[in-house]
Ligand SMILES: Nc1ncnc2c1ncn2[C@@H]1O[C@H](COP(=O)(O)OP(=O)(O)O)[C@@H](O)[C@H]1O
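First, one chain by itself in structure tokens, the form predicted on its own.
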């Protein structure tokens, strides 16, 4: 106990990352294998992380560890620590961590619990004892920000998937979190709705919200991300700037679909065509090819 108190005191004296996984492992109760295996990861305020990897690689568990669902709700074997805004998630409840790290689930209807959008947005802060006038202000601000006025009195389960996702994001943002964790928020959406949700998340990040996003549609998100993290079998196997990570052969080896423009760049490079940078979008690739033609 004496050593642990000393370590916590030392953490306060130095500048802390907003999120830190310190040699963290977790295995769900009754499972045979580790869901997360010795994860070490630091995330600074304002970053935009994209987590990707094959199904079952641990992405969802990592998200749940950030807001305390692991280990406060999901029980099992645990080793190491996760610190969120300097707080050890072993020592704080999910409710205590909710104003710091807000989690948007893959299935938005699973977290919508009230009878209309207005009440849904107000639900979280009301339950945390926020002043009623402040709750009202947050509700109105978020209805305007996420273009929900026409849905204000509508039951969440009468809305489309994209509308539900916007309401789930609004309800999460109503808690004023420092971190938005979104676990595959576009998995059940059509391409147009997916693009709308991802543009919204990018805008939130540009307004200083730290984002941790699990996503497979790398064509849509890699251009905005500050880092891409590849996971496989419960471990982080690559972590870096998108143009660096997405050109690794490792992506193909573990089954991660890279942006089409990046894939074509790799093919052109293999045929001896040297482009000045790695494109993440079709527009970037077209500009690079045009530059080569002019030279």
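Remember, predicted model here, so these are calculated numbers, not experimental data. Residue numbers count along the first chain shown, from 1.
Just so you know, the form predicted in complex with the ligand exists too; it's not on screen, but the next bit is about it.
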Using a 4.5 Å cut on heavy atoms, which of 74, 154, 217, 223 is close to the ligand in the predicted complex?
74
Could you check which residue among 65, 228, 39, 57 gets a heavy atom within 4.5 Å of the ligand in the predicted complex?
57
Do heavy atoms from each of 105, 111 and 168 fall within 4.5 Å of the ligand in the predicted complex?
no
Taking 4.5 angstroms as the cut-off for heavy atoms, does residue 258 touch the ligand in the predicted complex?
no
Would you classify residue 262 as touching the ligand in the predicted complex, given a 4.5 Å non-hydrogen atom cut-off?
no
May I ask you to check whether residue 50 falls inside a 4.5 Å heavy atom distance of the ligand in the predicted complex?
no
Is residue 35 one of the residues lying within 4.5 Å of the ligand in the predicted complex, judged by heavy atom distances?
yes
The ligand in the predicted complex: contacting segment from 266-274, 57-65, 40-48, 243-251, heavy atom within 4.5 Å:
57-65
